[in-house]
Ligand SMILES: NC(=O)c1ccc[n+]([C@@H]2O[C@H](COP(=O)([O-])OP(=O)(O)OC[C@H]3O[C@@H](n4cnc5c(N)ncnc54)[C@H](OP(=O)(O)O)[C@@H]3O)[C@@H](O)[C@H]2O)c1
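The chain below stands alone and is given as C-alpha coordinates, in the form predicted alone.
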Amino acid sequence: MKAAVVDRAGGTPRYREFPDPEAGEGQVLVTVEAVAVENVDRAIVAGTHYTADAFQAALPAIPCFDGIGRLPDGTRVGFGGVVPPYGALAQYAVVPAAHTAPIPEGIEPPSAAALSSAISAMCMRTAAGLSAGETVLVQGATGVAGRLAVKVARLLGAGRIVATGRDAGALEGLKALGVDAVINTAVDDDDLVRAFRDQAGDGYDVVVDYLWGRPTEQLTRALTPDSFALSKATRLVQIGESAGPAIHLTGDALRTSGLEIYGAARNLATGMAEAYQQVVDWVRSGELAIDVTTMPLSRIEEAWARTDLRGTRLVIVPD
(Lines give C-alpha, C1' and ligand atoms only; values in the text may rest on other atoms or scores of the structure.)
Protein backbone atom coordinates (compact mmCIF):
# COMPACT_ATOMS: atom_id res chain seq x y z
CA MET A 1 0.00 0.00 0.00
CA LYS A 2 0.98 3.67 -0.25
CA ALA A 3 1.76 5.43 3.00
CA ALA A 4 3.55 8.37 4.59
CA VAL A 5 6.68 6.86 6.14
CA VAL A 6 9.16 8.35 8.60
CA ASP A 7 12.63 6.78 8.46
CA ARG A 8 14.36 8.55 11.37
CA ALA A 9 13.58 10.55 14.48
CA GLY A 10 12.44 14.01 13.50
CA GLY A 11 12.32 13.08 9.82
CA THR A 12 9.75 14.24 7.29
CA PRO A 13 7.17 11.64 6.22
CA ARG A 14 7.64 10.53 2.62
CA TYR A 15 5.14 8.95 0.28
CA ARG A 16 6.19 5.43 -0.60
CA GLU A 17 5.25 1.75 -0.55
CA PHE A 18 4.82 0.02 2.79
CA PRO A 19 3.70 -3.56 3.56
CA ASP A 20 -0.07 -3.95 3.85
CA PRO A 21 -1.30 -4.44 7.41
CA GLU A 22 -3.04 -7.72 8.15
CA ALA A 23 -6.04 -7.96 10.44
CA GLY A 24 -5.78 -10.48 13.28
CA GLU A 25 -8.36 -11.75 15.71
CA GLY A 26 -10.55 -8.95 17.02
CA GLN A 27 -9.18 -6.50 14.48
CA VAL A 28 -10.68 -4.82 11.42
CA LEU A 29 -9.23 -3.41 8.21
CA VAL A 30 -10.07 0.25 7.62
CA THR A 31 -9.78 2.08 4.30
CA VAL A 32 -8.56 5.49 5.39
CA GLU A 33 -10.51 8.57 4.23
CA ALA A 34 -9.19 11.47 6.32
CA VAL A 35 -6.50 12.05 8.94
CA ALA A 36 -5.95 15.29 10.87
CA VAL A 37 -2.30 16.18 11.48
CA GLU A 38 -2.00 17.72 14.93
CA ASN A 39 0.83 19.07 17.07
CA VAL A 40 0.92 15.83 19.05
CA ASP A 41 1.62 13.88 15.84
CA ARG A 42 4.55 16.13 15.01
CA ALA A 43 5.88 15.81 18.56
CA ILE A 44 5.72 12.01 18.38
CA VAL A 45 7.64 12.04 15.10
CA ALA A 46 10.19 14.41 16.63
CA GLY A 47 10.51 12.16 19.65
CA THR A 48 9.61 14.92 22.10
CA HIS A 49 6.18 13.69 23.21
CA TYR A 50 5.93 11.50 26.31
CA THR A 51 4.22 8.75 24.26
CA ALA A 52 6.82 8.78 21.47
CA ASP A 53 8.92 5.78 22.54
CA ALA A 54 6.87 3.09 20.79
CA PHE A 55 6.85 5.03 17.50
CA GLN A 56 10.56 5.80 17.66
CA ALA A 57 11.41 2.18 18.45
CA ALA A 58 9.47 0.99 15.39
CA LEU A 59 11.08 3.25 12.75
CA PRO A 60 10.57 3.26 9.83
CA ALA A 61 6.95 3.89 10.75
CA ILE A 62 3.72 5.58 9.66
CA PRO A 63 2.65 8.60 11.77
CA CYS A 64 -0.71 9.62 13.25
CA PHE A 65 -2.74 7.42 15.55
CA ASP A 66 -6.36 8.05 14.54
CA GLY A 67 -8.52 9.03 11.61
CA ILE A 68 -11.69 8.47 9.64
CA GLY A 69 -12.26 5.54 7.30
CA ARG A 70 -14.61 2.84 6.06
CA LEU A 71 -14.97 -0.74 7.19
CA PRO A 72 -15.24 -3.53 4.60
CA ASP A 73 -19.06 -3.32 4.84
CA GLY A 74 -18.98 0.39 3.96
CA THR A 75 -19.65 1.76 7.44
CA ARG A 76 -17.83 5.04 8.00
CA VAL A 77 -16.04 5.11 11.35
CA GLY A 78 -13.61 7.01 13.45
CA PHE A 79 -10.72 4.75 14.38
CA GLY A 80 -7.75 4.58 16.72
CA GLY A 81 -5.57 1.97 18.33
CA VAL A 82 -3.01 1.57 15.55
CA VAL A 83 0.21 -0.14 16.61
CA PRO A 84 3.58 1.08 15.26
CA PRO A 85 5.07 0.75 12.74
CA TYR A 86 1.57 1.15 11.33
CA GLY A 87 -0.27 4.46 11.61
CA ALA A 88 -3.19 6.33 10.10
CA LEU A 89 -1.38 8.16 7.26
CA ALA A 90 -1.76 5.30 4.81
CA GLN A 91 -4.26 3.76 2.42
CA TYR A 92 -5.22 1.15 5.03
CA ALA A 93 -5.05 0.69 8.77
CA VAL A 94 -5.70 -2.29 11.02
CA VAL A 95 -7.18 -1.51 14.43
CA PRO A 96 -9.05 -3.33 17.21
CA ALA A 97 -12.75 -3.48 16.36
CA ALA A 98 -13.45 -1.95 19.77
CA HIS A 99 -11.46 1.14 18.73
CA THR A 100 -13.91 2.12 15.99
CA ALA A 101 -17.09 4.18 16.30
CA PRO A 102 -19.63 5.12 13.62
CA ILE A 103 -19.43 8.70 12.37
CA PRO A 104 -22.77 10.52 12.54
CA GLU A 105 -24.50 11.28 9.25
CA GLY A 106 -24.12 14.81 7.95
CA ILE A 107 -20.44 15.27 8.84
CA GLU A 108 -17.91 14.96 6.04
CA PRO A 109 -14.68 12.99 6.69
CA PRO A 110 -12.31 16.03 6.84
CA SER A 111 -14.49 17.74 9.46
CA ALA A 112 -14.95 14.48 11.32
CA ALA A 113 -11.17 14.00 11.42
CA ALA A 114 -10.78 17.37 13.14
CA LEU A 115 -13.60 16.90 15.65
CA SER A 116 -11.16 16.07 18.43
CA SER A 117 -9.91 19.66 18.62
CA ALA A 118 -13.44 20.94 19.19
CA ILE A 119 -14.19 18.19 21.69
CA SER A 120 -11.03 19.01 23.62
CA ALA A 121 -12.22 22.62 23.89
CA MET A 122 -15.23 21.31 25.81
CA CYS A 123 -12.84 20.91 28.77
CA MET A 124 -13.92 24.41 29.74
CA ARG A 125 -17.17 22.74 30.80
CA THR A 126 -16.13 19.17 31.65
CA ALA A 127 -13.00 20.13 33.61
CA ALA A 128 -13.74 23.70 34.73
CA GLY A 129 -17.53 23.69 34.98
CA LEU A 130 -18.09 26.79 32.85
CA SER A 131 -21.50 28.37 33.42
CA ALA A 132 -23.31 30.76 31.10
CA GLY A 133 -22.32 34.36 31.65
CA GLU A 134 -18.82 33.65 32.96
CA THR A 135 -15.61 35.18 31.59
CA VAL A 136 -13.28 32.92 29.61
CA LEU A 137 -9.62 33.58 28.82
CA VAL A 138 -8.30 31.52 25.88
CA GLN A 139 -4.52 31.31 26.05
CA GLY A 140 -3.24 30.68 22.51
CA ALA A 141 -6.40 31.57 20.63
CA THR A 142 -4.90 32.08 17.18
CA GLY A 143 -4.19 28.39 16.52
CA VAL A 144 -6.70 25.82 15.31
CA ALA A 145 -7.65 24.53 18.75
CA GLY A 146 -7.67 28.02 20.25
CA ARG A 147 -10.01 29.39 17.59
CA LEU A 148 -12.33 26.46 18.16
CA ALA A 149 -12.19 27.14 21.91
CA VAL A 150 -13.35 30.70 21.24
CA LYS A 151 -16.28 29.39 19.20
CA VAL A 152 -17.14 26.77 21.81
CA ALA A 153 -16.99 29.34 24.62
CA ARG A 154 -19.47 31.53 22.78
CA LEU A 155 -21.79 28.57 22.09
CA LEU A 156 -21.64 27.60 25.77
CA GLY A 157 -22.84 31.07 26.68
CA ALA A 158 -19.67 32.74 27.95
CA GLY A 159 -20.45 36.31 28.94
CA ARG A 160 -17.04 37.65 27.97
CA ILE A 161 -14.13 36.13 26.01
CA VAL A 162 -10.53 37.35 26.15
CA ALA A 163 -8.00 35.86 23.73
CA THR A 164 -4.21 35.82 23.72
CA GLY A 165 -1.64 35.20 21.00
CA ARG A 166 1.52 36.58 19.41
CA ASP A 167 0.20 37.43 15.93
CA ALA A 168 -1.43 40.86 15.99
CA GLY A 169 -3.25 40.31 12.70
CA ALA A 170 -4.63 36.94 13.75
CA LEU A 171 -5.73 38.37 17.11
CA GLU A 172 -7.61 41.16 15.39
CA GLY A 173 -9.39 38.59 13.23
CA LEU A 174 -10.69 36.80 16.32
CA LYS A 175 -13.08 39.66 17.03
CA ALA A 176 -15.25 38.39 14.19
CA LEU A 177 -15.63 35.14 16.16
CA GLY A 178 -17.01 36.94 19.19
CA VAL A 179 -13.87 37.80 21.17
CA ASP A 180 -14.39 40.84 23.39
CA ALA A 181 -10.73 41.69 24.02
CA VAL A 182 -7.30 40.50 22.88
CA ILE A 183 -3.88 40.40 24.56
CA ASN A 184 -0.67 40.22 22.54
CA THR A 185 1.82 38.07 24.46
CA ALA A 186 4.77 39.33 22.37
CA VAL A 187 5.60 42.05 24.89
CA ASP A 188 7.89 42.13 27.91
CA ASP A 189 6.84 40.45 31.14
CA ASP A 190 5.68 43.53 33.04
CA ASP A 191 3.59 44.75 30.10
CA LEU A 192 2.03 41.31 29.76
CA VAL A 193 1.11 41.21 33.46
CA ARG A 194 -0.42 44.67 33.09
CA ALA A 195 -2.43 43.59 30.04
CA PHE A 196 -3.81 40.52 31.86
CA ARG A 197 -4.94 42.75 34.71
CA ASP A 198 -6.36 45.46 32.46
CA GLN A 199 -8.51 43.00 30.53
CA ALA A 200 -9.66 40.92 33.50
CA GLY A 201 -12.75 43.00 34.21
CA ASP A 202 -14.43 41.33 37.20
CA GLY A 203 -11.93 38.46 36.90
CA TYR A 204 -11.30 35.45 34.70
CA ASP A 205 -13.62 32.60 35.68
CA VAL A 206 -12.16 29.99 33.32
CA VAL A 207 -8.82 29.87 31.51
CA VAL A 208 -8.36 27.44 28.63
CA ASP A 209 -4.60 27.19 28.32
CA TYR A 210 -2.95 25.96 25.13
CA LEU A 211 0.31 27.84 25.86
CA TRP A 212 1.69 27.16 29.34
CA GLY A 213 5.31 28.37 29.59
CA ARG A 214 6.06 32.08 29.93
CA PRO A 215 2.57 33.51 29.16
CA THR A 216 0.95 31.38 31.85
CA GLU A 217 3.71 32.18 34.32
CA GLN A 218 2.98 35.88 33.83
CA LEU A 219 -0.75 35.21 34.11
CA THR A 220 -0.19 33.70 37.57
CA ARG A 221 1.67 36.88 38.52
CA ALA A 222 -1.24 38.96 37.27
CA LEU A 223 -3.74 36.94 39.31
CA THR A 224 -1.75 37.32 42.55
CA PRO A 225 -3.20 40.23 44.58
CA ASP A 226 -1.11 43.08 45.98
CA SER A 227 -3.06 43.07 49.26
CA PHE A 228 -4.81 40.69 51.65
CA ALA A 229 -8.01 40.93 49.63
CA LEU A 230 -9.63 37.61 48.80
CA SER A 231 -9.53 36.96 45.07
CA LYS A 232 -12.20 35.52 42.83
CA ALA A 233 -11.64 31.87 41.88
CA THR A 234 -10.02 31.29 38.48
CA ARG A 235 -10.26 27.72 37.11
CA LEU A 236 -7.36 27.15 34.73
CA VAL A 237 -7.47 24.09 32.46
CA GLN A 238 -4.04 23.02 31.22
CA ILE A 239 -4.48 21.56 27.74
CA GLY A 240 -1.35 22.40 25.72
CA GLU A 241 2.22 23.65 26.02
CA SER A 242 3.08 25.39 22.78
CA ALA A 243 4.92 28.14 24.69
CA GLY A 244 6.85 25.75 26.93
CA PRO A 245 6.52 22.60 29.04
CA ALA A 246 7.05 24.19 32.46
CA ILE A 247 6.27 27.27 34.55
CA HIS A 248 7.67 28.73 37.74
CA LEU A 249 4.68 28.81 40.10
CA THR A 250 5.09 30.68 43.37
CA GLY A 251 3.25 29.64 46.50
CA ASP A 252 1.34 32.90 46.81
CA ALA A 253 -0.02 32.45 43.29
CA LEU A 254 -2.04 29.54 44.66
CA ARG A 255 -2.38 30.66 48.26
CA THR A 256 -3.94 34.08 47.66
CA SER A 257 -4.97 34.32 44.00
CA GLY A 258 -7.93 31.96 43.93
CA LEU A 259 -6.17 30.05 41.15
CA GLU A 260 -7.27 26.44 40.65
CA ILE A 261 -5.38 24.34 38.08
CA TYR A 262 -6.89 21.29 36.37
CA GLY A 263 -5.76 18.96 33.63
CA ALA A 264 -7.91 18.83 30.50
CA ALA A 265 -8.84 15.20 31.17
CA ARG A 266 -10.55 16.03 34.48
CA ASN A 267 -14.06 14.48 34.50
CA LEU A 268 -13.61 13.35 30.89
CA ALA A 269 -14.45 9.72 31.69
CA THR A 270 -17.95 10.77 32.71
CA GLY A 271 -18.33 13.82 30.47
CA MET A 272 -16.92 12.67 27.12
CA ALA A 273 -20.15 11.26 25.68
CA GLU A 274 -22.10 14.43 26.36
CA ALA A 275 -19.27 16.66 25.12
CA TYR A 276 -18.95 14.63 21.92
CA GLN A 277 -22.68 14.73 21.22
CA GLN A 278 -22.85 18.47 21.82
CA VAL A 279 -20.03 19.15 19.35
CA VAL A 280 -21.60 16.82 16.77
CA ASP A 281 -24.93 18.61 17.11
CA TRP A 282 -23.29 22.01 16.62
CA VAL A 283 -21.39 20.87 13.53
CA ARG A 284 -24.46 19.26 11.96
CA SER A 285 -26.57 22.36 12.56
CA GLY A 286 -23.89 24.65 11.15
CA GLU A 287 -23.45 26.50 14.46
CA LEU A 288 -19.84 25.31 14.71
CA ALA A 289 -17.57 25.36 11.66
CA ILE A 290 -14.25 23.50 11.83
CA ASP A 291 -11.78 25.10 9.43
CA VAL A 292 -9.67 22.52 7.60
CA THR A 293 -7.19 22.50 4.72
CA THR A 294 -7.08 19.20 2.84
CA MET A 295 -4.13 17.79 0.93
CA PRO A 296 -3.68 14.37 -0.70
CA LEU A 297 -1.54 11.65 0.86
CA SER A 298 0.81 11.73 -2.13
CA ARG A 299 1.81 15.31 -1.18
CA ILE A 300 2.52 14.53 2.48
CA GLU A 301 6.11 15.81 2.33
CA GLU A 302 4.89 19.21 1.12
CA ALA A 303 1.94 19.19 3.53
CA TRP A 304 4.10 18.36 6.55
CA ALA A 305 6.37 21.33 5.84
CA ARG A 306 3.58 23.92 5.54
CA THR A 307 3.74 26.82 7.98
CA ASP A 308 0.94 28.92 6.50
CA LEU A 309 -2.04 27.10 7.97
CA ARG A 310 -2.57 29.11 11.16
CA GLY A 311 -6.18 28.80 12.19
CA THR A 312 -6.98 25.77 10.02
CA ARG A 313 -6.35 22.08 10.63
CA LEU A 314 -4.31 20.14 8.07
CA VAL A 315 -6.24 17.04 7.02
CA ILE A 316 -4.74 14.41 4.73
CA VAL A 317 -7.15 12.65 2.34
CA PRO A 318 -6.74 9.90 -0.28
CA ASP A 319 -5.44 10.82 -3.74
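In this text, residue numbers run from 1 along the sequence as written. Given the structure is predicted, the values throughout are model-derived calculations rather than measurements.
Keep in mind that the form predicted together with the named molecule is missing from the display, and what follows is about it.
The named molecule in the predicted complex comes within 4.5 Å of no heavy atom belonging to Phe79. Within this chain, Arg299 is remote from the site of the named molecule in the predicted complex, having no heavy atom within 4.5 Å. Proximity of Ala145 to the named molecule in the predicted complex falls within the 4.5 Å heavy atom cutoff. By the criterion of a heavy atom within 4.5 Å, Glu241 is counted among the residues contacting the named molecule in the predicted complex.
Among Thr294, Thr250, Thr31, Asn39, the residue placing a heavy atom within 4.5 Å of the named molecule in the predicted complex is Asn39. Residue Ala141 is the only one of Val152, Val206, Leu89, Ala141 with a heavy atom lying within 4.5 Å of the named molecule in the predicted complex. Comparing 115 to 123, 198 to 206, 79 to 87, 99 to 107 against the named molecule in the predicted complex, the single stretch with non-hydrogen atoms within 4.5 angstroms of it is 115 to 123. Contact residues in stretch 290 to 319 (any heavy atom within 4.5 Å of the named molecule, taken in the predicted complex) are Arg310, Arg313.
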